[in-house]
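One chain follows as structure tokens, the form predicted on its own.
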Amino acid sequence: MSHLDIEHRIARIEAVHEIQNLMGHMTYMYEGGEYERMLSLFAQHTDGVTAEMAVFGQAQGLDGARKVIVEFWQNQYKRHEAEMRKRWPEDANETGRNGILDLQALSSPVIEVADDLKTAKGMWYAPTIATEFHPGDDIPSGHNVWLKFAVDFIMEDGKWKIWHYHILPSFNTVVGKSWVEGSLAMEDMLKSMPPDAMPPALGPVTAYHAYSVHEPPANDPRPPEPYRTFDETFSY
């Protein structure tokens, strides 16, 4: 093996480590409500940035990613804060995040770095717990959520950045109830959400296969496969 081959292999190994750390930082920032910092991990001046979450559709560009990564969650927690102030006005504070607990545990990573070291792809499962006010709650409710992250990364200014970001919840159910019950209740929950809870003006849904009692499971999107350049692979 030549010296250049060894350097290339080391660079790909280092890329996997850096991408794992990037996604780990995303989960910690999410827990702390640092949505602007999450957005800073996206490519800032590379064309083709996308962000997509569940049934809301795909957002285009960095401004579109802001709708999914920043504005959606800020709107969620503004409503949470308003309900908390009604329920426990004596606990109101400037953070507005009393009672919130969002934890994600990344697992089962599959990461492939392109041979040309310009892009990479990764998928993770993310068992998640979420605690916040939902419509009809008297107190914040705890939810068990199971997600997939499917992400394309691109090298920008010598650092790995998120290029295409796709969040695919497999199920979301109140603690103490099964994902079967959660699946049956999901349609009603989506119908009850206020209009501003939905990110506005997003594009079509490219892939979303949540658990359903009415459908077979789907392994979609598929995990990354080895590739040489991004032109030779699929996009998340």
Partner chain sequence: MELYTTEQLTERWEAHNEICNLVGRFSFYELLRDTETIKRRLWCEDAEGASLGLNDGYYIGIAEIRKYYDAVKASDLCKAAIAKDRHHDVFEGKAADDIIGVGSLMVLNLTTPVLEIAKDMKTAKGLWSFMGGSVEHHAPGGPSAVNRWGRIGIDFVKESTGWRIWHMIVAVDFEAPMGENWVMPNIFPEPLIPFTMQRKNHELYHERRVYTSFPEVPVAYGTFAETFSYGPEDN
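Numbering follows the first chain given and starts at 1. Predicted model only: the values in this text are computed from it and were never measured.
There is another form of this protein, the form predicted together with the partner chain, and it is not shown here; the text below is about that form.
Q: Kindly indicate whether 10, 146 and 177 are, all three, within 4.5 angstroms of the partner chain in the predicted bound form, using heavy atoms.
A: Yes, each of 10, 146 and 177 comes within 4.5 Å of the partner chain in the predicted bound form.
Q: Verify the contact flag for residue 73: yes if a non-hydrogen atom of it lies within 4.5 Å of a non-hydrogen atom of the partner chain in the predicted bound form, no if not.
A: Residue-level check for residue 73: no, no contact with the partner chain.
Q: Please run the contact check for residue 108 against the partner chain in the predicted bound form: heavy atoms, 4.5 angstroms, yes or no?
A: Flag for residue 108 set to yes.
Q: Can any non-hydrogen atom of residue 218 be found within 4.5 angstroms of the partner chain in the predicted bound form?
A: Looking in the predicted bound form, residue contacts with the partner chain include residue 218, since a heavy atom lies within 4.5 Å.
Q: Answer for residue 228 alone: is it within 4.5 Å of the partner chain in the predicted bound form, judged on heavy atom distances?
A: No - in the predicted bound form, heavy atoms of residue 228 and the partner chain never come within 4.5 Å of each other.
Q: Using a 4.5 Å heavy atom cut-off, which residue among 96, 142, 99, 127 comes into contact with the partner chain in the predicted bound form?
A: Of 96, 142, 99, 127, the residue with a heavy atom within 4.5 Å of the partner chain in the predicted bound form is 127.
Q: Among 25-33, 43-51, 59-67, 204-212, mark the stretch whose residues have heavy atoms within 4.5 Å of the partner chain in the predicted bound form.
A: Only one stretch qualifies here: 204-212.
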